[in-house]
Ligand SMILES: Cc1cc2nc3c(=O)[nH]c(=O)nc-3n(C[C@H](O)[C@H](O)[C@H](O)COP(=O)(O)O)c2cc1C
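One chain comes next, on its own, written as structure tokens: the form predicted on its own.
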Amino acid sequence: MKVLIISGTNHKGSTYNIGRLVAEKLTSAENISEVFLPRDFGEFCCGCTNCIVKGAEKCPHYAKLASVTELIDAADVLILTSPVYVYHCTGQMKAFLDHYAWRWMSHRPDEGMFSKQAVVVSTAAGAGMKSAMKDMADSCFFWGIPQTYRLGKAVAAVDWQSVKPEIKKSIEAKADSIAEKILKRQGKVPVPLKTRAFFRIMSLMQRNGWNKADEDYWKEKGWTGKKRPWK
């Protein structure tokens, strides 16, 4: 199993350490890849819509993003981590996710996404994890990932070393639970009704879509008919 951790900061704080904890429960170290934002990608979307209307390769930042896209496509499990910044994910995580609007089900989703699983992780000294995790989980859903797990924790500390043992114990228990579910479902990830229904709506819309690039893509895949990107 290949796991990719995408960290919404450059430093290895509580959020990163929890993401790494989950990853190591799933696979060996040599099968874990890591991306740090903004170290490995720090561009802001400029709103040109080239990726949606003309093709992903027309994005001004396509070359910089390509290596990360390859890691995403190769992974079986994606772990997105972000500490809470003003009740949301970090700006660099948001800027990164903005660059994949073209991969949403409303445009040109990659069929490989429908067999992946994801974990979104967020921590704060106090509150805000729910909204920060939603920022990341929204993209996971619209990419087509059928199963996304959430691990949010108020750690009452500003660094991992200061987190109390009892809090770390509860984090460990939650990580164990998530890892067990991922391992059980690996290779046969169930696609929920919500994803199936949304995909169906997009299928109907793409029969005569407003964007030729999207319409052509869906018709080429056979998705405007009965074919689906999952078994």
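Just count from 1 along the sequence shown to find any residue number. On a predicted model such as this, the values are computed, not experimentally measured, just so you know.
Below: the form predicted together with this ligand, not depicted.
Heavy atoms within 4.5 Å of this ligand in the model of the complex map, among the stretches 217 to 225, 6 to 14, 21 to 29, 204 to 212, onto 6 to 14 alone. Shown without its partner, this chain lists 72, 151, 145, 84 as candidates; in the model of the complex, only 84 has a non-hydrogen atom within 4.5 angstroms of this ligand.
Note on contacts: among 137, 95, 101, 125, the single residue with a heavy atom within 4.5 Å of this ligand in the model of the complex is 125. Heavy atoms of residue 155 reach within 4.5 Å of this ligand in the model of the complex, making it an interface residue.
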